[in-house]
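Read on for two forms of one protein chain; each stands alone as C-alpha coordinates, with the labels structure 1 and structure 2.
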Structure 1
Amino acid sequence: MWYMPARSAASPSSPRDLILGRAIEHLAAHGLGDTSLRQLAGALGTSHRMLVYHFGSKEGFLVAVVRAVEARQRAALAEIVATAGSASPAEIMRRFWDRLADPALWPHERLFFELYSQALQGRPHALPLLEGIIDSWIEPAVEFARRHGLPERPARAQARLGLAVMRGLLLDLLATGDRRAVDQALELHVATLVGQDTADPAPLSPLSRGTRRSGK
(Lines of atoms letter the chains of each structure in order from A and count residues from 1; the text may use other names and numbers.)
(Lines give C-alpha, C1' and ligand atoms only; values in the text may rest on other atoms or scores of the structure.)
Protein backbone atom coordinates (compact mmCIF):
# COMPACT_ATOMS: atom_id res chain seq x y z
CA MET A 1 0.00 0.00 0.00
CA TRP A 2 1.07 3.62 -0.29
CA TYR A 3 1.00 6.58 2.01
CA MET A 4 0.57 10.28 1.52
CA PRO A 5 2.05 12.31 4.35
CA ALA A 6 -0.56 13.92 6.56
CA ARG A 7 0.19 17.44 5.24
CA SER A 8 0.49 18.72 8.79
CA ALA A 9 1.58 22.24 9.69
CA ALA A 10 4.50 21.49 7.40
CA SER A 11 7.87 22.04 8.96
CA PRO A 12 9.24 24.88 6.88
CA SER A 13 11.97 22.92 5.16
CA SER A 14 10.53 19.48 4.78
CA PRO A 15 11.57 17.67 1.63
CA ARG A 16 8.15 18.48 0.34
CA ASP A 17 8.76 22.20 0.59
CA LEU A 18 12.22 21.90 -0.81
CA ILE A 19 10.75 20.24 -3.86
CA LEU A 20 8.10 22.93 -4.08
CA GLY A 21 10.66 25.68 -4.04
CA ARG A 22 12.74 24.10 -6.72
CA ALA A 23 9.58 23.41 -8.70
CA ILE A 24 8.62 27.07 -8.76
CA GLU A 25 12.09 28.07 -9.84
CA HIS A 26 12.13 25.49 -12.58
CA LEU A 27 8.63 26.23 -13.82
CA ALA A 28 9.40 29.92 -13.88
CA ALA A 29 12.43 29.19 -16.01
CA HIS A 30 10.87 26.65 -18.36
CA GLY A 31 7.15 27.10 -18.05
CA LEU A 32 4.74 24.33 -17.37
CA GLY A 33 4.01 23.29 -20.89
CA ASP A 34 3.11 19.66 -21.30
CA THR A 35 5.89 18.60 -19.00
CA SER A 36 5.26 15.19 -17.55
CA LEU A 37 5.70 14.15 -13.97
CA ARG A 38 8.85 12.29 -14.90
CA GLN A 39 10.46 15.19 -16.73
CA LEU A 40 9.60 17.52 -13.89
CA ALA A 41 10.89 15.13 -11.29
CA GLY A 42 14.09 14.72 -13.21
CA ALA A 43 14.63 18.43 -13.54
CA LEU A 44 13.91 18.83 -9.85
CA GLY A 45 16.42 16.21 -8.84
CA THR A 46 13.90 13.75 -7.56
CA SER A 47 11.82 10.91 -8.90
CA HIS A 48 8.30 10.98 -10.23
CA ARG A 49 7.56 8.55 -7.47
CA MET A 50 8.34 11.26 -4.93
CA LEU A 51 6.07 13.85 -6.49
CA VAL A 52 3.17 11.46 -6.33
CA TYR A 53 4.18 10.52 -2.80
CA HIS A 54 4.30 14.06 -1.48
CA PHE A 55 1.44 15.58 -3.42
CA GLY A 56 -0.87 12.68 -4.09
CA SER A 57 -1.03 13.10 -7.83
CA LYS A 58 0.15 15.29 -10.65
CA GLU A 59 -2.85 17.54 -10.21
CA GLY A 60 -2.21 17.81 -6.50
CA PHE A 61 1.33 18.78 -7.23
CA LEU A 62 0.34 21.56 -9.59
CA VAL A 63 -2.24 22.83 -7.13
CA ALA A 64 0.51 23.13 -4.57
CA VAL A 65 2.68 25.01 -7.03
CA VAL A 66 -0.14 27.40 -7.86
CA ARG A 67 -0.78 28.10 -4.21
CA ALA A 68 2.88 28.77 -3.59
CA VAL A 69 3.13 31.13 -6.54
CA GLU A 70 0.06 32.95 -5.29
CA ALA A 71 1.66 33.30 -1.88
CA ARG A 72 4.81 34.78 -3.37
CA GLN A 73 2.80 37.29 -5.35
CA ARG A 74 1.05 38.49 -2.23
CA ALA A 75 4.28 38.70 -0.31
CA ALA A 76 5.78 40.88 -3.00
CA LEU A 77 2.76 43.14 -2.88
CA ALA A 78 2.92 43.42 0.88
CA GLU A 79 6.54 44.41 0.77
CA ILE A 80 5.87 47.04 -1.83
CA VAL A 81 3.11 48.59 0.21
CA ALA A 82 5.17 48.42 3.38
CA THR A 83 8.11 50.12 1.69
CA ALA A 84 5.79 52.85 0.47
CA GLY A 85 6.33 55.27 3.31
CA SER A 86 4.87 58.67 2.47
CA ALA A 87 5.55 58.66 -1.26
CA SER A 88 2.82 59.85 -3.59
CA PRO A 89 0.69 57.29 -5.40
CA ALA A 90 2.37 58.24 -8.63
CA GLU A 91 5.78 57.64 -7.20
CA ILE A 92 4.66 54.34 -5.66
CA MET A 93 3.41 53.16 -8.99
CA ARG A 94 6.67 54.05 -10.67
CA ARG A 95 8.67 52.15 -8.10
CA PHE A 96 6.34 49.20 -8.28
CA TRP A 97 6.60 49.12 -12.01
CA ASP A 98 10.35 49.39 -11.88
CA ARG A 99 10.41 46.26 -9.80
CA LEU A 100 7.91 44.35 -11.90
CA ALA A 101 9.65 45.22 -15.13
CA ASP A 102 12.94 43.78 -13.98
CA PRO A 103 13.87 41.06 -16.49
CA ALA A 104 14.87 38.85 -13.60
CA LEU A 105 11.18 38.54 -12.74
CA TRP A 106 10.01 37.85 -16.26
CA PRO A 107 10.06 34.10 -15.89
CA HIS A 108 7.84 34.29 -12.83
CA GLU A 109 5.50 36.62 -14.61
CA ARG A 110 5.29 34.35 -17.60
CA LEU A 111 4.41 31.51 -15.29
CA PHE A 112 1.84 33.72 -13.61
CA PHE A 113 0.11 34.50 -16.88
CA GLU A 114 0.27 30.92 -17.97
CA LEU A 115 -1.43 29.73 -14.81
CA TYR A 116 -3.84 32.65 -14.96
CA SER A 117 -4.98 31.72 -18.43
CA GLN A 118 -5.27 28.07 -17.51
CA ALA A 119 -7.43 29.04 -14.58
CA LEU A 120 -9.60 31.15 -16.90
CA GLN A 121 -10.08 28.06 -19.01
CA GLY A 122 -11.36 26.25 -15.96
CA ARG A 123 -8.46 23.87 -15.50
CA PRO A 124 -9.08 22.57 -12.01
CA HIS A 125 -5.54 22.69 -10.74
CA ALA A 126 -5.18 26.37 -11.53
CA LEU A 127 -8.56 27.52 -10.29
CA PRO A 128 -7.39 28.31 -6.74
CA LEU A 129 -5.21 30.99 -8.28
CA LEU A 130 -8.23 33.01 -9.38
CA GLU A 131 -9.50 33.56 -5.88
CA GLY A 132 -8.34 37.02 -4.97
CA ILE A 133 -6.27 37.44 -8.10
CA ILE A 134 -7.83 40.88 -8.42
CA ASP A 135 -9.09 41.76 -4.99
CA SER A 136 -5.99 40.82 -3.06
CA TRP A 137 -4.17 43.48 -5.05
CA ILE A 138 -6.91 46.04 -5.12
CA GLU A 139 -7.73 46.08 -1.45
CA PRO A 140 -4.33 47.35 -0.30
CA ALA A 141 -4.22 49.79 -3.17
CA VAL A 142 -7.62 51.17 -2.25
CA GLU A 143 -6.62 51.57 1.34
CA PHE A 144 -3.51 53.35 0.21
CA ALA A 145 -5.38 55.66 -2.15
CA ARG A 146 -7.88 56.52 0.57
CA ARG A 147 -5.06 57.45 2.87
CA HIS A 148 -4.18 59.96 0.19
CA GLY A 149 -7.61 61.49 0.25
CA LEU A 150 -9.56 59.76 -2.50
CA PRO A 151 -13.11 58.77 -1.61
CA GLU A 152 -14.05 55.11 -1.72
CA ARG A 153 -15.53 54.80 -5.19
CA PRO A 154 -12.92 56.62 -7.24
CA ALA A 155 -10.26 54.87 -5.20
CA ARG A 156 -11.62 51.47 -6.18
CA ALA A 157 -11.84 52.37 -9.84
CA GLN A 158 -8.39 53.90 -9.75
CA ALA A 159 -6.92 50.80 -8.14
CA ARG A 160 -8.60 48.53 -10.63
CA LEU A 161 -7.37 50.61 -13.51
CA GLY A 162 -3.86 50.70 -12.12
CA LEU A 163 -3.79 46.93 -11.79
CA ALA A 164 -5.02 46.54 -15.34
CA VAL A 165 -2.40 48.95 -16.61
CA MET A 166 0.33 47.02 -14.82
CA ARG A 167 -0.76 43.67 -16.14
CA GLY A 168 -1.51 44.94 -19.60
CA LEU A 169 1.86 46.64 -19.90
CA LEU A 170 3.54 43.55 -18.49
CA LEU A 171 1.96 41.47 -21.23
CA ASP A 172 3.31 43.99 -23.68
CA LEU A 173 6.77 44.00 -22.16
CA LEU A 174 6.98 40.22 -22.09
CA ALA A 175 6.00 40.02 -25.72
CA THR A 176 8.03 42.87 -27.15
CA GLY A 177 10.80 43.42 -24.62
CA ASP A 178 10.58 47.09 -25.51
CA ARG A 179 11.13 48.54 -22.09
CA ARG A 180 11.46 52.10 -23.30
CA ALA A 181 8.18 52.18 -25.16
CA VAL A 182 6.32 50.51 -22.32
CA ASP A 183 7.84 52.90 -19.82
CA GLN A 184 6.49 55.82 -21.82
CA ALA A 185 3.03 54.35 -21.75
CA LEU A 186 3.23 53.87 -18.02
CA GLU A 187 4.42 57.42 -17.55
CA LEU A 188 1.35 58.59 -19.41
CA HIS A 189 -0.86 56.77 -16.97
CA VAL A 190 1.09 57.96 -13.97
CA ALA A 191 0.74 61.55 -15.13
CA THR A 192 -2.99 60.98 -14.95
CA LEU A 193 -2.58 59.97 -11.34
CA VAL A 194 -0.77 63.16 -10.45
CA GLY A 195 -3.56 65.17 -11.95
CA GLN A 196 -6.16 63.46 -9.83
CA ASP A 197 -4.20 63.14 -6.66
CA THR A 198 -5.43 66.40 -5.22
CA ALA A 199 -4.49 65.45 -1.70
CA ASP A 200 -0.82 64.97 -2.40
CA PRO A 201 1.00 67.52 -0.27
CA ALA A 202 3.73 68.12 -2.84
CA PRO A 203 2.23 67.27 -6.22
CA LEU A 204 4.58 69.49 -8.15
CA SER A 205 7.86 68.42 -6.61
CA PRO A 206 10.33 67.09 -9.18
CA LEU A 207 9.29 63.56 -8.41
CA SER A 208 10.85 62.35 -11.59
CA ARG A 209 13.80 60.94 -9.63
CA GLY A 210 16.03 61.47 -12.66
CA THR A 211 14.44 61.64 -16.05
CA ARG A 212 13.21 58.11 -16.18
CA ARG A 213 15.55 56.33 -18.56
CA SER A 214 16.26 59.52 -20.42
CA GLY A 215 19.72 58.54 -21.53
CA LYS A 216 19.94 54.82 -22.04
Structure 2
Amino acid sequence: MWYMPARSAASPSSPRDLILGRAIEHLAAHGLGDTSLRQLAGALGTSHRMLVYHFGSKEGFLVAVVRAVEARQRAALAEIVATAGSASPAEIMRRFWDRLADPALWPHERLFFELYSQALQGRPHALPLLEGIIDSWIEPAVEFARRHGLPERPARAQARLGLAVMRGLLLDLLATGDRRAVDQALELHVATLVGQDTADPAPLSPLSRGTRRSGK
Protein backbone atom coordinates (compact mmCIF):
# COMPACT_ATOMS: atom_id res chain seq x y z
CA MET A 1 0.00 0.00 0.00
CA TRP A 2 1.83 3.05 -1.25
CA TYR A 3 0.01 6.05 0.11
CA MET A 4 1.60 8.06 2.87
CA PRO A 5 0.67 6.88 6.37
CA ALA A 6 -1.09 9.04 8.89
CA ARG A 7 1.11 11.14 11.14
CA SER A 8 2.68 9.44 14.11
CA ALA A 9 1.16 9.86 17.54
CA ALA A 10 4.01 12.22 18.43
CA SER A 11 3.10 14.62 15.60
CA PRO A 12 0.48 17.30 16.21
CA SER A 13 -2.74 16.65 14.33
CA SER A 14 -6.27 17.96 14.65
CA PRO A 15 -9.19 15.62 15.45
CA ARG A 16 -10.47 16.28 11.94
CA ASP A 17 -7.15 15.18 10.40
CA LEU A 18 -7.08 12.06 12.54
CA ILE A 19 -10.56 11.11 11.38
CA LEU A 20 -9.56 11.66 7.75
CA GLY A 21 -6.46 9.51 8.19
CA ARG A 22 -8.50 6.64 9.58
CA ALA A 23 -11.11 7.12 6.84
CA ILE A 24 -8.47 6.86 4.09
CA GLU A 25 -7.19 3.58 5.53
CA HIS A 26 -10.72 2.23 6.07
CA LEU A 27 -11.79 3.04 2.51
CA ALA A 28 -8.70 1.32 1.08
CA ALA A 29 -9.37 -1.81 3.11
CA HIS A 30 -13.16 -2.06 2.94
CA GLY A 31 -14.47 0.24 0.20
CA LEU A 32 -17.53 2.37 0.75
CA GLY A 33 -20.63 0.76 -0.70
CA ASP A 34 -23.88 2.05 0.79
CA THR A 35 -22.39 2.62 4.23
CA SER A 36 -24.29 5.24 6.21
CA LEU A 37 -22.61 8.07 8.08
CA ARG A 38 -23.44 6.37 11.38
CA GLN A 39 -21.87 3.13 10.20
CA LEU A 40 -18.79 5.02 9.01
CA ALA A 41 -18.51 6.74 12.36
CA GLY A 42 -18.58 3.39 14.17
CA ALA A 43 -15.94 1.93 11.86
CA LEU A 44 -13.70 4.95 12.41
CA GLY A 45 -14.01 4.91 16.18
CA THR A 46 -15.87 8.20 16.40
CA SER A 47 -19.48 9.37 16.60
CA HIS A 48 -22.05 10.43 14.07
CA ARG A 49 -22.21 13.77 15.87
CA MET A 50 -18.47 14.37 15.41
CA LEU A 51 -18.61 13.59 11.70
CA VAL A 52 -21.47 16.04 11.26
CA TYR A 53 -19.61 18.63 13.34
CA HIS A 54 -16.43 18.41 11.24
CA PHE A 55 -17.85 17.70 7.80
CA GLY A 56 -21.54 18.68 7.81
CA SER A 57 -22.84 15.57 6.01
CA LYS A 58 -21.80 12.24 4.53
CA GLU A 59 -21.25 13.97 1.19
CA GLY A 60 -19.09 16.66 2.78
CA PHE A 61 -17.13 13.97 4.56
CA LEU A 62 -16.45 12.08 1.32
CA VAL A 63 -15.31 15.25 -0.45
CA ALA A 64 -12.91 15.89 2.43
CA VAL A 65 -11.56 12.34 2.13
CA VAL A 66 -10.93 12.77 -1.59
CA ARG A 67 -9.18 16.11 -1.04
CA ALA A 68 -7.01 14.54 1.66
CA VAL A 69 -6.03 11.67 -0.64
CA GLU A 70 -5.21 14.16 -3.41
CA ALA A 71 -2.98 16.07 -0.98
CA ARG A 72 -1.18 12.84 -0.06
CA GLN A 73 -0.64 12.03 -3.72
CA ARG A 74 0.88 15.46 -4.34
CA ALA A 75 3.14 14.98 -1.32
CA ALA A 76 4.17 11.56 -2.65
CA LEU A 77 5.03 13.10 -6.03
CA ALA A 78 7.05 15.83 -4.33
CA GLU A 79 8.95 13.13 -2.44
CA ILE A 80 9.67 11.24 -5.67
CA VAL A 81 11.03 14.42 -7.25
CA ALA A 82 13.07 15.31 -4.16
CA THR A 83 14.71 11.87 -3.97
CA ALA A 84 15.01 11.22 -7.71
CA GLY A 85 18.66 12.19 -7.96
CA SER A 86 19.66 12.09 -11.62
CA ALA A 87 16.46 10.36 -12.75
CA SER A 88 14.93 11.85 -15.89
CA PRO A 89 11.50 13.50 -15.97
CA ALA A 90 10.28 10.46 -17.92
CA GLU A 91 11.44 8.10 -15.17
CA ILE A 92 9.80 10.27 -12.53
CA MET A 93 6.54 10.08 -14.46
CA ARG A 94 6.82 6.29 -14.60
CA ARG A 95 7.49 6.04 -10.87
CA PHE A 96 4.51 8.21 -10.04
CA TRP A 97 2.28 6.22 -12.38
CA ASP A 98 3.30 3.01 -10.61
CA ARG A 99 2.04 4.59 -7.39
CA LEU A 100 -1.22 5.82 -8.89
CA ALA A 101 -1.92 2.46 -10.52
CA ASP A 102 -1.56 0.50 -7.27
CA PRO A 103 -4.83 -1.44 -6.74
CA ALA A 104 -4.72 -0.38 -3.07
CA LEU A 105 -5.74 3.09 -4.23
CA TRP A 106 -8.53 2.03 -6.56
CA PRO A 107 -11.32 2.56 -3.97
CA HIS A 108 -10.11 6.14 -3.44
CA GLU A 109 -9.82 6.78 -7.15
CA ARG A 110 -13.29 5.44 -7.90
CA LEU A 111 -14.64 7.81 -5.25
CA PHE A 112 -12.66 10.66 -6.82
CA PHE A 113 -14.21 10.15 -10.25
CA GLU A 114 -17.69 9.67 -8.79
CA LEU A 115 -17.54 12.96 -6.89
CA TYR A 116 -15.79 14.75 -9.76
CA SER A 117 -18.69 13.79 -12.02
CA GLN A 118 -21.19 15.05 -9.47
CA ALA A 119 -19.32 18.34 -9.14
CA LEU A 120 -19.33 18.82 -12.92
CA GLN A 121 -23.10 18.30 -12.86
CA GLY A 122 -23.33 21.19 -10.39
CA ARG A 123 -24.44 19.15 -7.38
CA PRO A 124 -23.83 21.50 -4.43
CA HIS A 125 -22.28 18.98 -2.04
CA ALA A 126 -19.56 18.09 -4.56
CA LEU A 127 -18.69 21.58 -5.82
CA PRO A 128 -15.95 22.18 -3.19
CA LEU A 129 -13.99 19.37 -4.84
CA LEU A 130 -13.41 21.57 -7.90
CA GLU A 131 -11.41 24.12 -5.91
CA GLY A 132 -7.81 23.59 -6.92
CA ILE A 133 -8.52 20.25 -8.60
CA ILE A 134 -6.44 21.35 -11.60
CA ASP A 135 -4.23 24.20 -10.42
CA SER A 136 -2.97 22.42 -7.31
CA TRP A 137 -1.30 19.92 -9.67
CA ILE A 138 -0.39 22.30 -12.48
CA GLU A 139 1.70 24.78 -10.49
CA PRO A 140 4.25 22.31 -9.04
CA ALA A 141 4.46 20.53 -12.41
CA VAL A 142 5.19 23.84 -14.15
CA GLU A 143 7.91 24.64 -11.64
CA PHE A 144 9.45 21.20 -12.20
CA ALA A 145 9.39 21.63 -15.99
CA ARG A 146 10.95 25.07 -15.76
CA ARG A 147 13.78 23.69 -13.62
CA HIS A 148 14.46 21.31 -16.51
CA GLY A 149 14.75 24.16 -18.99
CA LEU A 150 11.25 24.44 -20.44
CA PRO A 151 9.92 27.99 -20.92
CA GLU A 152 6.80 29.09 -19.02
CA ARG A 153 4.15 28.73 -21.72
CA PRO A 154 5.07 25.25 -23.01
CA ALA A 155 5.75 24.13 -19.42
CA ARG A 156 2.21 25.12 -18.45
CA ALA A 157 0.68 23.41 -21.48
CA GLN A 158 2.75 20.27 -20.88
CA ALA A 159 1.75 20.17 -17.22
CA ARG A 160 -1.93 20.37 -18.12
CA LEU A 161 -1.55 17.68 -20.75
CA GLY A 162 0.32 15.44 -18.33
CA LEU A 163 -2.42 15.76 -15.72
CA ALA A 164 -5.11 15.01 -18.30
CA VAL A 165 -3.22 11.95 -19.55
CA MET A 166 -2.63 10.57 -16.05
CA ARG A 167 -6.28 10.98 -15.05
CA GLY A 168 -7.53 9.61 -18.36
CA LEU A 169 -5.32 6.54 -18.15
CA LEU A 170 -6.32 6.02 -14.54
CA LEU A 171 -9.98 6.06 -15.56
CA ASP A 172 -9.17 3.53 -18.29
CA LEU A 173 -7.41 1.29 -15.75
CA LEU A 174 -10.33 1.43 -13.33
CA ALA A 175 -12.77 0.57 -16.12
CA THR A 176 -10.78 -2.24 -17.75
CA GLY A 177 -8.21 -3.44 -15.25
CA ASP A 178 -5.84 -3.85 -18.21
CA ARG A 179 -2.57 -2.63 -16.70
CA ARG A 180 -0.47 -3.84 -19.63
CA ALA A 181 -2.40 -1.86 -22.23
CA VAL A 182 -2.60 1.25 -20.07
CA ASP A 183 1.14 1.12 -19.34
CA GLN A 184 1.82 0.92 -23.07
CA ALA A 185 -0.27 4.04 -23.62
CA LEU A 186 1.66 5.84 -20.87
CA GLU A 187 4.95 4.83 -22.47
CA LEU A 188 3.78 6.25 -25.79
CA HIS A 189 2.98 9.55 -24.07
CA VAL A 190 6.36 9.60 -22.29
CA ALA A 191 8.17 8.83 -25.56
CA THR A 192 6.33 11.66 -27.28
CA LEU A 193 7.36 14.11 -24.56
CA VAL A 194 11.04 13.22 -24.77
CA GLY A 195 11.08 12.93 -28.56
CA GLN A 196 11.80 9.22 -28.76
CA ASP A 197 10.75 6.87 -31.54
CA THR A 198 7.09 6.11 -30.74
CA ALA A 199 6.72 3.13 -33.06
CA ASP A 200 7.32 0.61 -30.29
CA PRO A 201 6.57 1.57 -26.66
CA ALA A 202 9.34 1.01 -24.14
CA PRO A 203 9.33 -2.26 -22.17
CA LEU A 204 6.77 -2.48 -19.43
CA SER A 205 7.76 -2.22 -15.80
CA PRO A 206 7.82 -5.52 -13.87
CA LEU A 207 4.83 -4.27 -11.84
CA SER A 208 2.63 -4.24 -14.91
CA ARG A 209 3.47 -7.54 -16.57
CA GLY A 210 0.43 -9.79 -16.81
CA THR A 211 -1.71 -7.56 -14.58
CA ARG A 212 -5.29 -7.51 -15.80
CA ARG A 213 -8.62 -7.73 -14.06
CA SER A 214 -9.99 -11.26 -14.26
CA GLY A 215 -12.77 -11.78 -16.77
CA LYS A 216 -11.57 -9.01 -19.09
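Residue 1 is the first residue of structure 1, and the numbers go on in sequence order from there. What you see is a predicted model, and the numbers here were worked out from it, not measured in a lab. We call the rigid core whatever largest set of C-alpha positions still superposes within 1.5 Å between the two forms.
Here the chain appears twice, and structure 1 is the form predicted in complex with a further copy of the same chain. Comparing the chain between the two structures, the rigid parts pivot at a hinge, and of the candidates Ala175, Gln121, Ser86, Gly33 the one placed there is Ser86. Two rigid parts make up the chain, and between the two structures the smaller of them rotates against the larger by 22 degrees on C-alpha superposition. Summarising the core-aligned comparison between the two structures, the C-alpha atom of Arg38 is found to shift 5.6 Å.
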